[in-house]
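In the form predicted on its own, a lone chain appears below as structure tokens.
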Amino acid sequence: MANVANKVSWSSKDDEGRPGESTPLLNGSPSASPSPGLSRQLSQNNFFRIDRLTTVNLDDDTAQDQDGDSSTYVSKEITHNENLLSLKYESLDYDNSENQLFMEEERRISKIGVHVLEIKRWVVCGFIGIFTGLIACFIDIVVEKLADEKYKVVKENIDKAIEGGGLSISLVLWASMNAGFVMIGSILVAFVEPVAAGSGIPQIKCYLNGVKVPHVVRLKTLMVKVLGVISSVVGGLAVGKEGPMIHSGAVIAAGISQGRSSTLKRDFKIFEYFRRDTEKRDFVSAGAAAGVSAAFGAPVGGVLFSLEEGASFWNQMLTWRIFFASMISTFTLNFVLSIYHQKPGDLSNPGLINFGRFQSEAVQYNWYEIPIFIIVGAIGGILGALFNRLNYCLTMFRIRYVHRPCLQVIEAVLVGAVTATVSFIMIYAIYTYDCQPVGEDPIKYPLQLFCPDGEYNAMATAFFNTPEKSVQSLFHDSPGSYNPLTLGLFTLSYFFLACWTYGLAVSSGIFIPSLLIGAAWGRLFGIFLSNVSAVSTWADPGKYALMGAAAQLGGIVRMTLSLTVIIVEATGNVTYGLPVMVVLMTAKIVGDFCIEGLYDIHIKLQSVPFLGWEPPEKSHALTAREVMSYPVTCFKKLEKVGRIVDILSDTSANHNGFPVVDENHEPDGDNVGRLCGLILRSQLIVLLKHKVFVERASSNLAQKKLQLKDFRDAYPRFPPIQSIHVSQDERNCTMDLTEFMNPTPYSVPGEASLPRVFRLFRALGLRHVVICDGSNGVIGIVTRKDLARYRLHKGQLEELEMAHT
């Protein structure tokens, strides 16, 4: 028997959401008695709930158990939100329901029809690349225009203040402008679409893993994301606009592939065949890759990012289509920006950020530098783990105390003002230590402050600029351009500002802040090497700035393969492939020893039932019978409409999948009937909506035959059961489920091990696995939450608590 540290606790609170978007419980009674193999503590008196995702306040309410007896909620403090598994997340159906309607449609498709569908997939991927590139252009141009105007106003004010006194007014102006922009972006996120907060990469990872995250690929989310990231970057926060491009690309892909917009209530009657989770998932993978490609000008890196961080399921043709979307995305961005910069045809802007070319002899590396690169990677891993730990503690604080939208806006405005204040103080405090001569490389807004004529304040070039331009400056400015004190203070201050900023109610990315922090301390490390080395030509500060940037980003997000290729593509120097890979692998190994990556931390804090690549260790002792949910609510092939309506309307057992059993088989013990198929809640709702009853079909009433198009028209927002009117006479009618159920659902015997069920579930993208006995009788069902609640913690197999969050 496996050592299960924590026992499961179920919540029976009804969902407070809109009808039809309620949260499904697992397909098993919350008050079911423990299974023979695994003793579960299913307390009838101690329930808890969390009011919303970012709230851990616990209320004392009353609830009704299955027998109608009232039970009292006991207020219980939950100290760590990641020890919960949320019941509010539904799963996506990545496995096609091969019922009779599906098989008949597939048989009707001719060879030409198959080729037409394939061409449509390529067309959709092309559109995904084009629109993702255009969105990236829009963000880049608007940010550049607004940031230029802001810095121009502030610089003119500072110059006047130096001559006449009153620098405090310049500080107030700078902080006010930052706070104003940040407030606009934060209000949009906090009050209009909260899922648009952050980079969106954790949410897209969850979606591609098979978790239905509410509103994650809506048009409204895209609009808030775009306007929010513009406000955040122009507001001077320690954020980047590259991370949100991945989420934006995914939303564009989800919208285009469906040929309609639920937000705009428009249906263009195209791409109707792709209106199912399986096809939509593949296009979202292409959208995420196109977003990476537009952000970094790295189409191959985009494909690998989608493979490494996003897609759970992969095939060869999908790889080609995703690569095509990525190439179109970076080409569109390149072409449009060349026209904007009045250089048509000059395709020298492949991405939103351009690292520049590392081609001089000074930036080449030698074999004896590889151990130094390993040290750089270890430093990045340690600093990344520290960043993640601090951000984790800060996020837990926000979950407890900053969960109201108004408080979230206030915090974001405060961070914007503090960022401007810190920047101003740092620029002003060390102006006497770091005055650099104005060289050939033009600086757009050089601040002289109290420096002599012909010199500028070097600290200002790091703070008084967009993060992307600051990164490029750290990579390519000549040796001696930065004072070590400047780099040290900038690294320290920007590290804590970026850590405080990530997790705010604003649209933001962590890629560029991580690169900027790493570039600063990496350049400082390069200066140190050049000072201690007799021959300092090999220790180029720009080279070590690049390695430090890679190490810091790898230490925070823990990407290896895709990040290596992204950096190599962005720098245009393939010779850096090996050192960058060494740095990233070292950073990941060291960081993983301390704490998980930032995206994984936030996924756990949101209590998402995310399935990793492999089942938890030490889980072989658990069998499917021990982890399944039971008893199972089943239907017969010929079922009364009244019973179907009652079961679908039961909010205490809001199941999404129902095994169909043989009506001639009598239940025996745990066996509720011989398995004949599986039917989904969404299918039953469509059947009820169209009144597909046996009595109507046999009568003289004219009724058109239901087709797959009727199910696709209702996808993905199927109507709630409460909106379907069923008269008393219709309740006595019968519904034949034979034609609509999946007659070949995946099932395993109760003795199958948990790892075997996990791999089957993970590899095929399943939503339900039916557990059967030796005579093919249904004894239970396994869903995503049954598998996700087990994890290894401190050497023991832990079973997470479940609650409505």
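Throughout, we count residues from 1 along the sequence that is shown. Everything numeric here is computed off the predicted structure, so don't read it as measured data.
Heads up, the form predicted together with another copy of the chain isn't pictured, but that's what we're talking about next.
Contact annotation: of the candidates 264, 532, 574, 119, the single residue with a non-hydrogen atom within 4.5 angstroms of another copy of the chain in the predicted bound form is 574. Proximity to another copy of the chain in the predicted bound form, taken as a non-hydrogen atom within 4.5 angstroms, holds for one residue of 422, 114, 270, 219, which is 114. Residues with any non-hydrogen atom within 4.5 angstroms of another copy of the chain in the predicted bound form fall in just one of 637-645, 209-217, 143-151, 366-374: 366-374. Against another copy of the chain in the predicted bound form, the set 96, 107 and 620 is in full contact: each member has a heavy atom within 4.5 Å. Taking the partner from the other structure, another copy of the chain in the predicted bound form has a heavy atom within 4.5 Å of a heavy atom of residue 307. For the chain shown alone, residue 538 is not a contact residue for another copy of the chain in the predicted bound form, no non-hydrogen atom being within 4.5 angstroms. Another copy of the chain in the predicted bound form is not approached by residue 87, whose heavy atoms all lie more than 4.5 angstroms from it.
For the chain shown alone, residue 138 is not a contact residue for another copy of the chain in the predicted bound form, no non-hydrogen atom being within 4.5 angstroms.
Residues of 593-616 placing a heavy atom within 4.5 Å of another copy of the chain in the predicted bound form, in sequence order: 613, 614.
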